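In the form predicted on its own, a lone chain appears below as structure tokens.
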Amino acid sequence: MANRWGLPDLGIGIGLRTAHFTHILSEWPQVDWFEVLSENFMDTGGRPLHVLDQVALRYPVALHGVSLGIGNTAPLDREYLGKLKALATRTRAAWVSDHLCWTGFAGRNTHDLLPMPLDEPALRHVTERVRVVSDFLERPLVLENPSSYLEFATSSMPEWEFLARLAEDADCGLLLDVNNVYVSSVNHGFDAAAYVDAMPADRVVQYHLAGHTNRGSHLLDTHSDHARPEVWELYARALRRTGLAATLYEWDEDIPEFDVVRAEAQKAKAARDGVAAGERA
């Protein structure tokens, strides 16, 4: 099933990280596409922007942010949005994504992806803000489900219902982070399969995969390891629902050599091939 906007299946990509700049510029490795952290390039020049320009000439690029604060109560930051739109234009980004979260209060940025209260007032609030951002960017905003460790006592619906309704009401895309679904399902005791089954298939534009850390009492979304078998199984289940979609492997802590990250990302190809074979059977 294709997404409702006809956005492309870019294949399998990895994140553009400083640790790999030299390797990428010298080798131009076999990678389908790169995901770019928006804030790393919105206010910088010099070598980082040069690297990004060179990468964007040779590979498809998608932007992924962590500071939009779509759930914040403060007014949307028009200066930030202007820089984001300019970066998307500069890189010819396939789409622009961020997280379903709030990031701060009263002008203070916590530099964290804080969980939303999952209730009707919050849904109305975020829906309106997503519409404004999409209009400003002149493209549908794509939102990711974050990992969470706390829940609001006032929440009146599960996260998957909130996200699915938001996608329909605000006409936005979804970045389904399968590792985050699994991490949150263990932390909060819900059924991860039910979560992915509830996603509106035609809204899923992209997938994230990553490794996490088991702290005993909870899982921590560290992006510092190989993905666990349960995450791969959940990814295959999600693909059977949505069809093939761009997939990104995140490795953001204890970053190994480029080929290690690429090899982990390529494991997604087996899952994709399996789903495609099932569709042809």
Partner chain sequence: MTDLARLQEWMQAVISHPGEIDEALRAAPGLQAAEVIRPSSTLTPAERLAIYQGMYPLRMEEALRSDYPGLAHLVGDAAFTALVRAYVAAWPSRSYTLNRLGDHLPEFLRGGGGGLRRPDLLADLAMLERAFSQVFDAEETPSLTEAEIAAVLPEAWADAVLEPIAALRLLELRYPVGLWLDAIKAQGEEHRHPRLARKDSRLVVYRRRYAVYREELDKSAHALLADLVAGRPLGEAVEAALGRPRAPAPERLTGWFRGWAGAGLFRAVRFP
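Residue numbers count along the first chain shown, from 1. Just so we're clear, the structure is a prediction, and the values are computed from it rather than from any experiment.
The discussion below concerns the form predicted together with its partner chain, not included here.
### Query
Is residue 58 a contact residue for its partner chain in the predicted complex, using a 4.5 Å heavy atom cut-off?
Outside the cut-off, so no.
### 4.5 angstroms heavy atom contact with its partner chain in the predicted complex for residue 111
Result yes; residue 111 sits at the interface with its partner chain in the predicted complex.
### Query
If you check in the predicted complex, is residue 89 within 4.5 Å of its partner chain, heavy atoms only?
So residue 89 does not count as contacting its partner chain.
### Message
Against its partner chain in the predicted complex, would residue 102 count as a contact residue? Criterion: heavy atoms within 4.5 Å.
### Response
Yes, residue 102 is a contact residue.
### Query
So, 28, 32 and 138: all three within 4.5 Å of its partner chain in the predicted complex by heavy atoms, or not?
Negative, none of the three is within 4.5 Å.
### Message
Considering non-hydrogen atoms and a 4.5 Å limit, which listed residue (93, 116, 133, 204) is close to its partner chain in the predicted complex?
### Response
None of the others qualify; the residue that does is 116.
### Query
When its partner chain is placed as it is in the predicted complex, which of 206-214, 165-173, 191-199, 74-82 ends up with heavy atoms within 4.5 Å of it?
This holds for exactly one stretch, 74-82.
### Task
Select from 36-70 the residues with a non-hydrogen atom within 4.5 Å of its partner chain in the predicted complex and write them out in sequence order.
Result: 39, 42, 43, 44, 45, 46, 47, 48, 50, 67.
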